[in-house]
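Included below are structure tokens for two forms of one protein chain, each presented in isolation as structure 1 and structure 2.
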Structure 1
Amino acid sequence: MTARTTRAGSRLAPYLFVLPALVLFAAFRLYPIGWSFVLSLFHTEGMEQSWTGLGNYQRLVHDPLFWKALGNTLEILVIQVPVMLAIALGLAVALNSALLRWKPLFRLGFFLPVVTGLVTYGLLMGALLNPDSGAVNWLLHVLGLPEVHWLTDPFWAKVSVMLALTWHYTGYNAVIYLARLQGIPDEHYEAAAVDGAGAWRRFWHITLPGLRPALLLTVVLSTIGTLQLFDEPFIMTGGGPDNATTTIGVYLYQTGFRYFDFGYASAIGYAMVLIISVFGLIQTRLAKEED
């Protein structure tokens, strides 16, 4: 064997190693992504397909339910995500505090909801928010407050979904912040303390800047996650009442798997991709400009 072929062989080796992953990626990711774009150009119902070009996208623009779903999704994005991230930030700082004892216990407690299975989660939320026998209404009753129709009133259904999301994902974000917090050198705090900076100023000038990459990460991840939101509204309210909690994800599911209109569902999917890309771009741009 000459030196030349050996080199060629060794150059090929990494490609051979990634080949299985690439093949799987192409088969289960690229192909469906490409095929669903093709589908979005057809009017497909069941096995019948007819070319419609951009017809599905035109239909989307004139579809009141799509706009309603988009509005619902954005409402959750604008209200729930900032609240959740603020709580996560507070939790992370508290959990990182030298004053707190039994830290692992608290960390476990806040992270548990993240790993809770969907079935348990749905049952739990349903049981807690049940208007007749739920613990939340019982608590309201004990406090002398009127009972709330959590899942059956359009306004409160939206609130319920946001509460569930917050319960589910706050711990996840807190853990990301916590990891980052532990990377901020103690000397910075010590130096600031020596200079006479109070707790609030230390948080504002050391903790927050130190957390920037983690903040950006969680904002982008939460934005993508919220725009794709499906599980919570689907399980808790089925998108109701009267579409108050229908998100784009839920609408996509209904269109594809209830109405068998896969072409239109694909168009909804691509609209979702477009919206997510735009949001992602804006957020990374904003983050860069501040640098």
Structure 2
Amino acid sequence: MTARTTRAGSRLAPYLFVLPALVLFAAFRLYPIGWSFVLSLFHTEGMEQSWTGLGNYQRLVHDPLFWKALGNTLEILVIQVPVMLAIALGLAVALNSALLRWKPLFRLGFFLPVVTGLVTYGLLMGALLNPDSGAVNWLLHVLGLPEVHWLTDPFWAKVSVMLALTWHYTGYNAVIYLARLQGIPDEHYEAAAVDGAGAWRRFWHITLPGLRPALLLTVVLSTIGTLQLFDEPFIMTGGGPDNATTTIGVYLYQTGFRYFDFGYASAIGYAMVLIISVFGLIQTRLAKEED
């Protein structure tokens, strides 16, 4: 074996090691993405497909159910995400307090919902909030309060989904904030206290600026996750009642796997990607301007 062959083999070795991962990525990521775009250019009716070009995207613009699903998704995003992140921030500050005992136990307790499977916790929340046999209505009855039609009333069904999301993801975001809080030097708080700054001023001028990278991360991740929301509304309410909890993800699934209109479902998927990209860019740009 010549020295030239040895050098060529050394240069090719890294690519050979990476090749299996690239093949799998191309087969299970790139190919579905490309094929779904091709599908979005066809109209599907039964087993027949016909070329429609941008017809599915034009249909999307005039589809009232798509706009209903988008409105539901944005409503959950605007209401649930800020509430969840505010609670997570409060929990992180409390868990970081020197006055709190048994911190590992509390951290474990708040993080446990995150490791619960999406289907499992969706079924659990659906059972707890069942209007007829759920534990929540039983407790309200015991307390002498009126029962709530959690999953059968359009307003309360949406509230139920928001409660489920908040219960499941608050601990996850709190752990992210807590990790960042522990990186803020104690000397900053001590110096501020010496200068006469109260707890609120220390929180506003030291804690929040120190948490800015973590806040940006959780806002972006929560926004992306909410815009892709599917499991909770699908398992708990099936998108009902009266499409009150139909999100873009639920509508995409129903279009593709209930009505088998894969072309239109693919167009909905690409619309979702566009919306997520726009939100992500806006949030990133706003964060850079604040810096």
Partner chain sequence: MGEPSRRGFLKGLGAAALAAGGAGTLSACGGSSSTGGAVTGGTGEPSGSITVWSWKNPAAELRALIPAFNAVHPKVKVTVQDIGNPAIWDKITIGMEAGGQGLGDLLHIGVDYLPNYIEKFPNGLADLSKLGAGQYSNAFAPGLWQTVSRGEKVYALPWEANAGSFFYRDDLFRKAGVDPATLATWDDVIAAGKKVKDATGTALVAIDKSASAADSANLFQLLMQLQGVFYFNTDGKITLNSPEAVRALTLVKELNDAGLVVDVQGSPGTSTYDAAVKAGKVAVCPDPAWYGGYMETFATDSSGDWRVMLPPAVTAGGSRSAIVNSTHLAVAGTSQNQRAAFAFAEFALTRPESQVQIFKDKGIFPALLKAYDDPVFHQPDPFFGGQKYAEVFIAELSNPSTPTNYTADYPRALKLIDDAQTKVLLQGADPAAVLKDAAGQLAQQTHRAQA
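For residue numbers, the reference is structure 1: its sequence is counted from 1. Being a predicted model, the structure only gives us computed values, none of them experimental. C-alpha atoms forming the largest set that superposes within 1.5 Å between two forms make up the rigid core.
Undergrad: With each form of the chain shown alone, which structure should be assigned as the form predicted on its own?
TA: Answer to the question: structure 2 is the form predicted on its own, whereas structure 1 comes from elsewhere.
Undergrad: Using the rigid core as the reference frame, would you say residue 282 shifts its C-alpha by 2 Å or more between structures 1 and 2?
TA: No.
Undergrad: Tell me, please, whether between structures 1 and 2 the C-alpha of residue 99 is shifted by 2 Å or more, with the rigid core used for superposition.
TA: Not so; residue 99 is displaced by less than 2 Å.
Undergrad: If you line up the core, how far does the Cα of residue 19 move between structures 1 and 2, in Å?
TA: Shift of residue 19 at C-alpha, rigid core superposed: 2.4 Å.
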